[in-house]
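Below you'll find only one chain, the form predicted alone, shown as structure tokens.
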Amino acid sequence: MSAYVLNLWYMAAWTQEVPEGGFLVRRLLDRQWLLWREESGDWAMIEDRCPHRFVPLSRGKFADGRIACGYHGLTFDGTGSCVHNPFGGDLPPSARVASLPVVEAHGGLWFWPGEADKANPALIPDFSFIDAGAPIERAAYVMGVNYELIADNLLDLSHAEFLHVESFGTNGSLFSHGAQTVEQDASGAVWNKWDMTGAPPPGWAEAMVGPGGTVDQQLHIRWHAPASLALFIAMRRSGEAAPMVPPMANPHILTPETQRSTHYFFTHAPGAEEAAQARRVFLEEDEPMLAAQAEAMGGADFWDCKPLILASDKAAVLARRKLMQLRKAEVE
């Protein structure tokens, strides 16, 4: 498995996941962390491991932005400093726990696991659309698959023609009426764009279009390293300028829990039906296929498996190469 790139922003949680007056325990990049909101309104993120005997601090008592280890009472604040030693006396500099820069943006908590002086919040990808449109619900799953395989899957929009036949119903239009464009923008993002013209409508839109009617549809997905993606969908009746339905934008933000599991942050329209649709697409269609892929690879590196590369893979390959370049830069 490839090493994590550290000098990047990763999403740790939606802010709503952190209990008021308490803390959230979350494994991220193979280490366990605690997150809480300070009285100042800022956020704290410290490692969930006491430096004394290495027990999880989350087993202790939390109050007023401080957590006391449940084993011997050493108490730490949101900077990771030990602020109370029940045994008295001075403590060595090692009497602290790791802490990371963490900021709130777009309803999420973003952390920087690399060099703290490089943690510029302006580098967080733009997900301002999350709160700019219709009401949404924020949600998250843990998928038992490496994050790069999930990113490959998202960047390869053509898989919807085969894996999501019933849920998305693209009816073969990507191949019969579509054109693919892969590009990079000034922010360093990789875009995979499929534009369909004069295509048969998805099953859910047939009644809106009418017998024999066709649509022009855009499926555009954006990737920022390490794996923060956004999907943009627009549709209009062929020959018309106005959208047939409001354009949609959805975040698909991936953060490794471990090398073999991933936190998947996304949004959906409010309601139980929309939540069930998301569960179906992600957990019943995508995850079983990706888990089978990972099992077939047997833990080998993606490139060591010598994958056959198709034209539709261009965006995913470009994203993987950018991550390889970032890893190389961090070890040089």
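Counting begins at 1, following the sequence as shown. Here the structure is a predicted model, which means the values were calculated and not measured.
The same protein also exists as the form predicted together with a further copy of the same chain; that form is not shown, yet it is the one meant from here on.
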Among 207 to 215, 152 to 160, 111 to 119, 252 to 260, mark the stretch whose residues have heavy atoms within 4.5 Å of a further copy of the same chain in the model of the complex. 152 to 160
4.5 angstroms heavy atom contact with a further copy of the same chain in the model of the complex for R59: yes
Hey, in the model of the complex, does S312 get a heavy atom within 4.5 angstroms of a further copy of the same chain? yes
Would L91 count as touching a further copy of the same chain in the model of the complex under a 4.5 Å heavy atom rule? yes
Taking any heavy atom pair closer than or equal to 4.5 Å as contact, tell me whether A276 reaches a further copy of the same chain in the model of the complex. no
Assert contact residue (a further copy of the same chain, in the model of the complex, non-hydrogen atom within 4.5 Å, options L29, V281, A269, V55) equals V55
Which residues from 277 to 304 come close to a further copy of the same chain in the model of the complex, meaning a heavy atom within 4.5 Å? P288, M289, L290, A292, Q293, A296, M297, F302
